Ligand SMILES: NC(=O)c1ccc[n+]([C@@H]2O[C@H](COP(=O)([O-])OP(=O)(O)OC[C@H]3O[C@@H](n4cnc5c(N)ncnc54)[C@H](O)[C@@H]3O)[C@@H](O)[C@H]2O)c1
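In structure tokens, one chain follows: the form predicted on its own.
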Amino acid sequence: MKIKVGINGYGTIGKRVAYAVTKQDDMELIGVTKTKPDFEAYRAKELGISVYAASEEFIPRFEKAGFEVEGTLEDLLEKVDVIVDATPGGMGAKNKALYEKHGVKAIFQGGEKAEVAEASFVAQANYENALGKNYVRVVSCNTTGLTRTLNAIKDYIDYVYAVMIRRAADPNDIKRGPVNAIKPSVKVPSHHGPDVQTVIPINIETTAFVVPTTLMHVHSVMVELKKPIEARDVVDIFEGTTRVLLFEEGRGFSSTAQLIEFARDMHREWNNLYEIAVWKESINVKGNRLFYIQAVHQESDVVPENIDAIRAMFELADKWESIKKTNKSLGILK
């Protein structure tokens, strides 16, 4: 029997997760919510997706536009087994009581505090922690990116320091910035390290800067090693790590622009680069320190995690069965 899935919030993450759900043979997309009848709502309807108003208060917006909705979020909750909350950060915690009222399992995103859920989640690192759970938080795009690569080398880690170079806004976001500045996060260390620790127990600290780009985040990672490893061994580990890809500057991948162009050349939906991109030439060991640089496509790297979280919560598959199934359905390269 297919798991019935609803998406609360059909924006950057929500529409990508909705698409991913439609690619699974053990899930069924029941509907999505919107707060207004914008182009995303119309596109959802064109795709045959049932659209619901996020709450009763938004119904007049749809009526004014002549856009017929299937009901409200509460109506959707009566029809689903699990709701993926893809609302703006902080809204998920407010919505939780509604999910509890309807007895529906829920997946929250990284904009929520860890306390909202029973487990924070990155599939390849701690899939088992989400088995049978009612509330799971898929961690943020940055935390997912750090966790995927650091989990692969966790046996060698004594201490991690990572600099997060964050994009200022998503490509369709006209409200955020900066446009002509570099904005440091003056709370040091930044929140990203503690967030990684909700998934894997490593010693990590981070700092963060926001820069005027929309394409991707970049992380500069330094690992103090507790036992020796050579750069070529790290290359081998990353090459064997699912949802991590190595890119070479020597082949023209000199910036995030080329990484996104690669996703376009792959004919990926919305230029999705689900995989974490590590520059091969950046992997270097000096004494007891390992260095590498990676890029994170903030709009899509968490999408496969949402799919795997659903399978874990309903115990539909073990970790590697789910990861392989999700990867194949989305065209993830390894």
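Please read all numbers here as calculations on a predicted model, not as lab measurements. Residue numbers run from 1 along the displayed sequence.
Below, we refer to the form predicted together with the ligand, which is not included among the displayed structures.
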{"item": "Result of superposing the ligand in the predicted bound form onto shown chain, 2.4 Å backbone or C-beta criterion", "value": "open"}
{"item": "Options 189 to 197, 80 to 88, 118 to 126, 204 to 212; stretch whose heavy atom lies within 4.5 Å of the ligand in the predicted bound form", "value": "80 to 88"}
{"item": "Contact flag, R167 vs the ligand in the predicted bound form, heavy atom cut 4.5 Å", "value": "yes"}
{"item": "4.5 angstroms heavy atom contact with the ligand in the predicted bound form for N271", "value": "no"}
{"item": "Interface membership of T35, the ligand in the predicted bound form, 4.5 Å heavy atom rule", "value": "yes"}
{"item": "Contact of T12 with the ligand in the predicted bound form (heavy atom, 4.5 Å)", "value": "yes"}
{"item": "In the predicted bound form, the one of V51, M27, A54, I276 near the ligand [non-hydrogen atom within 4.5 angstroms]", "value": "A54"}
{"item": "Contacts with the ligand in the predicted bound form - residues in 254 to 291 whose heavy atoms fall within 4.5 Å", "value": "none"}
